[in-house]
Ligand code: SAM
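Here we start with a single chain on its own, the form predicted alone, put down as structure tokens.
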């Protein structure tokens, strides 16, 4: 294979075929684990990728074998030019998907179908309206809940992501599982992860083992079915016998899955991150605007990727707050 078109492979032999593109640093919710309570300093509009620049950079990654692109934010649907962006990207030979908070997604059902989006990830950390307000500082629970049902009725594959936080929503584990009884969704529990400004502490993280213990105390072994994980899957997947949906656990903190990582991230201001926890970024947007070669920058970034969590391979280093103060807040990275 021509080296110029060969897959993006790091020094550990991992092929990177999955690009997550953040479209915006803005959101119509204010979840504290994602956005610091005092907010974030937003990039000036002129420092953000426009639709054509997103498409141009994405084409480079597709040339290198990327065949899956997920649009994230912030909330990607708050961009006024979202229709143009997704229509441009739909011309590429990729599996196109989106992560949203579902507040306004019903306005875009036909557009999503037209552009080939089949899977939608929804961020929802509680099934309780009052608690939803305390987490997001907004009263959109009923709208989000109904839009999840609407997505299912429209034929979309729906994954629901819930960040579990001790003392906040960890008492809803069984409620989330029960939701999968009559709804064909994939409910995914995500361990609370550290980012700049989200006041993370290890004791706030509800671990994979704790989640499974709670489930095993309420369901028998023959009811809990371990499912086959997809290649490069970040989640350990399960279902309850007779239930329409499934559940999974993403254990980034206690059981990292870096050996199978195939993901790279592009921030809304055009910076490439080869790992969610990486403090180092490569500015593709400035290079693109200066007519510089971004292909070599992409390859160099991927080849310099660490084996585990940007070099934080031991629990002690990962749990050191200083390690994450030099990283971005989650909302400016992209979910």
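Because the structure is predicted, anything quoted here is derived from the model rather than measured. Numbering follows the first chain given and starts at 1.
Unshown form predicted together with ligand SAM; subsequent notes refer to it.
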- Item | Site test, 33, 101 and 195 vs ligand SAM in the predicted complex, non-hydrogen atom cutoff 4.5 Å | yes
- Message: Check residue 330 for me: does it contact ligand SAM in the predicted complex (non-hydrogen atoms, 4.5 angstroms)?
- Response: yes
- Classify residue 191 as contacting or not contacting ligand SAM in the predicted complex by the rule of any non-hydrogen atom within 4.5 angstroms, answering yes or no. yes
- Message: With the partner left out here, check for me: in the predicted complex, does some heavy atom of residue 120 sit within 4.5 Å of ligand SAM?
- Response: no
- Query: Heavy atoms within 4.5 Å of ligand SAM in the predicted complex: does residue 105 have any?
  - Reply: no
- Note on the structure: Which of 172-180, 142-150, 220-228, 70-78 lies within 4.5 Å of ligand SAM in the predicted complex, heavy atoms considered? The stretch 70-78
- Query: Of the options 234, 97, 246, 161, which one has a non-hydrogen atom that comes within 4.5 Å of ligand SAM in the predicted complex?
  - Reply: 161
